[in-house]
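A single chain, nothing else alongside it, follows as structure tokens in the form predicted alone.
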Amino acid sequence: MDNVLIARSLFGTTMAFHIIFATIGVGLPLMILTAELIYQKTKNYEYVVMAKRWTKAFAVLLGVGIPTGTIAGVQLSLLWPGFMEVIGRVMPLPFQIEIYAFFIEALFMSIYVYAAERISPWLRVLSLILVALGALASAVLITNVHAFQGTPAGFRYENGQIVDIDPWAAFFNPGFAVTALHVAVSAYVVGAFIVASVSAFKMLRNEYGSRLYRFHQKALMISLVMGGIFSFLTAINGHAAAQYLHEYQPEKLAAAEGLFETQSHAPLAIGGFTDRETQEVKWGIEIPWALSFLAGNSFDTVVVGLNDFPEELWPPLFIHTLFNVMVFIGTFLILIALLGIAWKWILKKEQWPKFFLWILVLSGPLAIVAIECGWIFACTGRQPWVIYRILKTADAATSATNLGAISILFFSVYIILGIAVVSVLLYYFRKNTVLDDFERAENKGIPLYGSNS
């Protein structure tokens, strides 16, 4: 492989690994906050036990997210010097502000973990609100750099020189709002369905009607409600994202739908795969006129096809598959959330069918798969540009050689980190069971949050 491909593979692997922890790190604090709010309203200590256990898991995941995020930052500088030259001069604000967002997140998480029993209820809630806001701000600010790559603003690039720099115009680039909202709501989807996945698995492991079954059923219902809400919001935001691509990255939208000819009343292709030779989506299902409506809220909206662009500027055509996987999983998550809520609250059923619980067990991993597909789609669909229509990926990459050995070393680090985080989580929760936390919550002399055993 050439150096550009190795650099892309290495950085892509880093981000694919980091994004798991970063996304859960945004979604899980909102779940913790929700459980704490229910506890403050009902005074049912089972909800504070949920918050405590999710907090411990969040701390472990944060411990992996920090070094992988640091690795990603270092790799940006070392592997993509041409890109960082532009970012360092035009787009430094998100990186600078993100430091303070992370400081707020870490500070108030420490307060919640170590002083929850010593501070008033409103301070506990405030601490978690600031943790959730800090985590969200960190994600949004870093995502803003990605949005800038797709809709660069706040400078001009002339004769290899960066001129007329306006950092705030770059910060509030046209893609910022729609991209930030999509990242936020999709992270909350992942956080909710990770909890749903674990809760459903624990319900399968415990006898129906037992105290632990009921406890995990409460956690499952919180996650289904939150997951259903944010899955639906993600779908709505997807409509805005299609309009954004139609206006700012038309070839990416065309590749996502396998559309080769510019046309009005353009069909929406579902499933199948894009055949470059025949210029069609094979084995797909077409919904007439739907793509035009998504792109411009009108069936006669003209959608630009790939043949209007030089072939060397086409994004990889496999992004059609990535887009479909993301949409299919999102739709599936909405459906199972609605079914779960209907089963418990409309049909008033207490015992859950085992087959449906196994489906819920898969919901967390599927949500992560959707996030991975979404990020690969977003970044790969921008190719061959690292900054859209300004700087090509090949021109931004390092000229260093022998990157293969470094890649193998980093892959080994990720394997070790992955094994370590799973081992730590399993060890901690086997040693500290739900029943142990119930006992601590019932015994006022034993601090629930201060205990790190």
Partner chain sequence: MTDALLAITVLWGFVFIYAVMATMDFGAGFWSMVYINRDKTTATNVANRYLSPTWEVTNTFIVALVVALYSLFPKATYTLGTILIIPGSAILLLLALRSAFLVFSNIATEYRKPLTYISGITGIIIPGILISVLPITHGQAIDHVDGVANLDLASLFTSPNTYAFIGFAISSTLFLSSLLLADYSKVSREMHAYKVYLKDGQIFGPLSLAMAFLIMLTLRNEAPWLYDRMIADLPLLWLSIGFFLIAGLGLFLPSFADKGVRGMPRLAVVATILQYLVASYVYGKAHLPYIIYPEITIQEAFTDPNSFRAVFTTYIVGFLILFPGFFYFWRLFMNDKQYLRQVGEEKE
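Positions refer to the first chain, counted from 1. These numbers were taken from a predicted model, which means no experiment stands behind them.
There is another form of this protein, the form predicted together with its partner chain, and it is not shown here; the text below is about that form.
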(request) Check whether Y388 has any heavy atom within 4.5 Å of a heavy atom of its partner chain in the model of the complex, and answer yes or no. (result) no
(request) Look up in the model of the complex whether T331 has a non-hydrogen atom within 4.5 angstroms of its partner chain, and give yes or no. (result) no
(message) With the partner left out here, check for me: in the model of the complex, does some heavy atom of R53 sit within 4.5 Å of its partner chain?
(response) no
(message) Is it the case that S210, even though its partner is missing from this view, gets within 4.5 Å of its partner chain in the model of the complex, heavy atoms only?
(response) no
(request) Determine which one of 380-388, 36-44, 23-31, 61-69 lies within 4.5 Å of its partner chain in the model of the complex, judging by heavy atom distances; exactly one does. (result) 61-69
(request) State yes only if every one of F176, V225 and F232 has a non-hydrogen atom within 4.5 Å of its partner chain in the model of the complex; otherwise state no. (result) no
(request) Name the residue from L123, L362, L181, L338 that puts a heavy atom within 4.5 Å of its partner chain in the model of the complex. (result) L123
(request) Counting non-hydrogen atoms within 4.5 angstroms of its partner chain in the model of the complex, say which of L322, L220, L268, L79 makes the cut. (result) L79
(message) Using a 4.5 Å cut-off on any heavy atom, which residues of 177-213 would contact its partner chain in the model of the complex?
(response) none
